[in-house]
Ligand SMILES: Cc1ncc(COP(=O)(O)O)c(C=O)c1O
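Starting off, we have a lone chain in the form predicted alone, written out as C-alpha cells.
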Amino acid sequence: MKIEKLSTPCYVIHKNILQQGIALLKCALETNWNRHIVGYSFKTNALPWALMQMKAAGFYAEVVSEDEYDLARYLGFSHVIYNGPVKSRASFVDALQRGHIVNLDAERELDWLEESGLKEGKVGLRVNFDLEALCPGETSSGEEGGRFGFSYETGALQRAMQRLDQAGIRLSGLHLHASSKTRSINIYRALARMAVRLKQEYDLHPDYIDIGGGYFGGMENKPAFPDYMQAVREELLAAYSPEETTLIVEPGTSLITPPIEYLATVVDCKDTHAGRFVVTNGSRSDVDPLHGKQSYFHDIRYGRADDNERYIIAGGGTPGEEAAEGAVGRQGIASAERKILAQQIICGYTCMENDRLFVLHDQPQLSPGDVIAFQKSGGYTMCLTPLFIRYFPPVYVEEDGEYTCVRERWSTEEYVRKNRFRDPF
C-alpha cells in the first residue's frame, strides 16, 4: 500500500536504482557471452519483494539451504541453482528430480546421488583450489584456504569426477565461486583460467561454468559488471565458446546493496566528560551486523518543524521535536543556523557501548528529529539483523517519489508466533 509517512528506523529501497543495476548486468552479459544465466543470491537479501523483482528479471534463485530452496519454490521460481554445504538430503534429491542445477560441495552429496539411483540431472562440482597463490593477499580466507568444494590439489576433485563417471552420471558444470577481500578483476581472471585449466587437463565438456558472485556494484572508481564480464570472456575464450557453454553468475551485494538506504532519527544528545553523544533510534546492527566496517556511506538530513517536504514524521511528534520514533524532513536547514561542534559520536539505540556508528568532526550540531541516511545498506543487512531489543524494522520502496510499505515493522505478535508457552501464574 502507498503511504505518506515513514516510520524510522527503516530501510528504503529505491526501485529505479535497482532496475538500473539489473539492466547494466544484463547488458554486460549479452555483450560478452551469448549463453548466460543469472542466479540471484538469496542469502544476501531474501526480502520477498526483492526476490520477486529478480524473478521478474528472469533470474534464477541461487540458494544454499533447504529453507531457501523452499522459499524459492513458494515464490514460484521455475529455475534454481542449489549450492552450499548444508543441503538437506530430501531437498537435494527433489532439486535434481525437478531438473534444477545442483552443485555438489561434499562427499556426502556424492553418496546421496549414488544412493538415489538418479542418472539424469544437472550436476556440477564446486572446485576448491589455491586461489591465494594466484592472487596473493586478495582472498577472504588467505593462506588458511577456503573450505568449500572438492580440492584440486589433494586430488579430491579428480576422485569426485571419477565417482560421477563410474555411477554413469554426467558432469554438467564447474562451480568456481570464491570470496575475496578486494573484489578485483584479477580474482575473476584467475577463476576463469582455472576453468580453462580443468577442461584441458581432464578433457571436460561441461554445459556451464559457474563463476559465482562477489562483484562491486554501484561504486565509483571500482570495477563494474562490464569490466568483470569482459575479463571473464577474455580468459574463457581459450577453451570455451559463448555459443556452446553457459556462463553462470551469482550476484548478490552488487545488485541489492546500491539501491537500499537505512534511515535513523536522532532521539537524544548528551554531553559527558568524553564528548557529545548523539543517540539515534537506529542501530549499527542494522547496517553492519558483523560490526566490521570502519566507515559508512551516509548523509545527514537536518530537519525543522516547517521543513517536511521529503519525509513526514510518523509515530512520535513533528520534525525537530524530541520524537521517540519517526522520520523527519529533508536537509533543509542551513548549516549556518547551527553551531559547529568539534566532535559528535553517533550511536545506536541498543544498550551495548560498541553500538557506535561514526564520529562527526567539525560539523553542524545534530538535534532530535534530524535524520541520518546510510546508503548502500542492502547486502547482508536485513538477513543478519538480530532480534535484539527491537524487532525487525519496516521496509519501504520508493519509486518516482512515492513510497510503498513492502514489509511492516514486526510487533510482539510476529515475535511470539509459533512459540509455545503459558503463563505460570
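Owing to the predicted nature of the structure, the values given are computational and were not obtained by experimental measurement. Sequential numbering from 1, following the sequence displayed.
Separately, the form predicted in complex with this ligand exists; it is not shown, and the next lines address it.
Of the stretches 178-186, 237-245, 153-161, 295-303, only 178-186 has residues with a heavy atom within 4.5 Å of this ligand in the predicted complex. This ligand in the predicted complex comes within 4.5 Å of a heavy atom belonging to Thr253. Contact annotation for Lys43: at least one heavy atom lies within 4.5 Å of this ligand in the predicted complex. Put simply, Phe392 is far from this ligand in the predicted complex: not one heavy atom of it is within 4.5 Å.
Looking at Gly214, you'd find a heavy atom of it within 4.5 angstroms of this ligand in the predicted complex. Candidate site formed by Glu62, Asn83 and Tyr380: every one of these residues places a non-hydrogen atom within 4.5 angstroms of this ligand in the predicted complex.
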